[in-house]
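Okay, here we've got a single chain as structure tokens, the form predicted on its own, with questions on binding and movement later.
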Amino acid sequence: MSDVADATTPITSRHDPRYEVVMYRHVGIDGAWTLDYYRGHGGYASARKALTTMTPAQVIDEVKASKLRGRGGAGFPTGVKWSFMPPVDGRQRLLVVNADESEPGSFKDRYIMEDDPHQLIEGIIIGCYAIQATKAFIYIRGEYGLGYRRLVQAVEEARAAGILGKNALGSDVEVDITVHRGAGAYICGEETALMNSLEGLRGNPRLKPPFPAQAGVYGLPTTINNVTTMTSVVHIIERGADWFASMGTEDSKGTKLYQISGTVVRPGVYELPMGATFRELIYDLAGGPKGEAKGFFPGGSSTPPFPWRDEFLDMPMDYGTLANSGSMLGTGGVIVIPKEKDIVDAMYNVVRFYAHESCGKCTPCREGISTWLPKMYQKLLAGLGTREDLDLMEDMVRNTRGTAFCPLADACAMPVQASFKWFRDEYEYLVDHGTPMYTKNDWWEA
């Protein structure tokens, strides 16, 4: 199938004059996915610099000094994670890129893989050199058909040009990449479930420890990073750690790709310094909500939502501030909820997603998130709920948190818990009247 047949137009606004576009500077440009285009715009200079003028330890130190935190959602310091790899002992070492972008509200990685795959490959070369890995895997979401084909094409181009292989970029460093297409399981975005899937096993999470650096894919030392973590590394090596660390807040440095969807005028991906406010993203860049809004998810559907209040709209979008406020930055995927959307029905939709995507390994997910909680929402929406049901549901999600092998149970429980905190009046109205306070049931549509 040709790329033209199902190519998408990125819903991206990249031209805010206040901020420099870095990771997205080639997104949306025809032909940007080719090697000729990438090299014609300075591509692979950072990788060449790392391989020829820096030691692996110096690369790690530069990334540490930049204070780059992982862009996949957890926000763990990247350089610190790289330093967890054990001393070289003769075993093959692996780098895995988590491109299984399945969080509802998240689509930042997609356009890099579709329009600028060589930027990701360059970051992988640098990362492999830093941790002294000879092999990398890109685990891409199964539904990303165009991104998969573009990545495969880019890897083949890079290999044919000597950028990948036993003497990457003419050096004595060996780096090769395999693009692995997932089968559409959200659970495989969790790093240990991803490793199982790569090995051909069922995508269930593993118990930690051991951590991937000690026993990862095939039992080998493995580091796992997100797509935009790796592309950030390209620019840190090019411009230096001080440049990256000069942007952002005290605990959240550099730029980040923020996504916004829901009922806004200009949904899309916006590259901003960390610490920009939700108001700036929603109003200045995305054009504001269409009609009246009641709240928003700050970082994807797994993050606790906020009500539509100035104190939250003016909150800086960084890891520490969001954590201190009782929510999370997550992937930076902001979802605006219109006032007309009934919150009970909205949360039922969230719960159904996580119930469907649970692997069922753990009792809290198998019996609670996947079975009991959806049925309770069905009971409420059928007009049969009681006040006691609300107390029981709230108690259940509170006690579910932190009890499963992986964060999927938390990803469902946290937004439900927050919906009770901020929008309990809508739950109580439904119980008392048998009908929702707001009857609009189209998902996120005003």
Partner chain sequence: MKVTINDVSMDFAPGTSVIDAVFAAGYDVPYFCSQEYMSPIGACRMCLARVGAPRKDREGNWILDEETGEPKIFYFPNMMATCTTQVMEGMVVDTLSDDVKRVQNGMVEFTLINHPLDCPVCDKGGACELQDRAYEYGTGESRFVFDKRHQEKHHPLSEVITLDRERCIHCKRCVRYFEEVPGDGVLDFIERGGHTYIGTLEDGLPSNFTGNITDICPVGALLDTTSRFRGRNWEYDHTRSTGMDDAGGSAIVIDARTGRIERIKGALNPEVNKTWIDDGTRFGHEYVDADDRLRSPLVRKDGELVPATWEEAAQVVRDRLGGLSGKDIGIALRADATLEEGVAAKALAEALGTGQLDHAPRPAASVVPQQAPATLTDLATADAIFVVGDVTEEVPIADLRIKDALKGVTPPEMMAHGVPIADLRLKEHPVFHRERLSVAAPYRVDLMKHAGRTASYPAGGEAALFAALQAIAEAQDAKAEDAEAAAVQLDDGQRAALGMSLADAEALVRGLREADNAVVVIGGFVLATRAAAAAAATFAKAVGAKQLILGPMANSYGLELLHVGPSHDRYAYPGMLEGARALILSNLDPAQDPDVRATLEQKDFLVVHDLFLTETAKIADVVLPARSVYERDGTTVNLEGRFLPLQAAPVDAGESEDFVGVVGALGDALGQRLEGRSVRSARRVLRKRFELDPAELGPSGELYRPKGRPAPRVSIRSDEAVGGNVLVTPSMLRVEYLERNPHLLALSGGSRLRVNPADAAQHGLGDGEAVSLRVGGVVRRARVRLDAGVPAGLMLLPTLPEQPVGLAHADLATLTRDERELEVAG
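All of these numbers come straight from a predicted model, not from anything done at the bench. Numbering follows the first chain given and starts at 1.
The same protein has a further form, the form predicted in complex with the partner chain, not shown here; the description that follows concerns it.
This chain appears without its partner; in the model of the complex, the one residue of Met376, Val80, Ala161, Ala74 with a heavy atom within 4.5 Å of the partner chain is Met376. Proximity to the partner chain in the model of the complex, defined as a heavy atom within 4.5 Å, singles out one entry of Thr192, Thr321, Ser370, Asn226, which is Ser370. Although the partner is absent from this view, Thr400 contacts the partner chain in the model of the complex, with a non-hydrogen atom inside 4.5 angstroms. When contacts are judged by a 4.5 Å heavy atom cut-off, Met414 does not count as touching the partner chain in the model of the complex.
When the partner chain is considered in the model of the complex, Gly291 lies well away from it, no heavy atom lying within 4.5 Å. In the model of the complex, the partner chain lies within 4.5 Å of some heavy atom of Pro364. Just one listed stretch, out of 307-315, 194-202, 234-242, 120-128, contacts the partner chain in the model of the complex at the 4.5 Å heavy atom level, and that stretch is 194-202. Here the marked residues Ala57, Gly90 and Gly216 all miss the partner chain in the model of the complex; none has a heavy atom within 4.5 angstroms. Along 69-84, a non-hydrogen atom within 4.5 Å of the partner chain in the model of the complex is carried by no residue at all.
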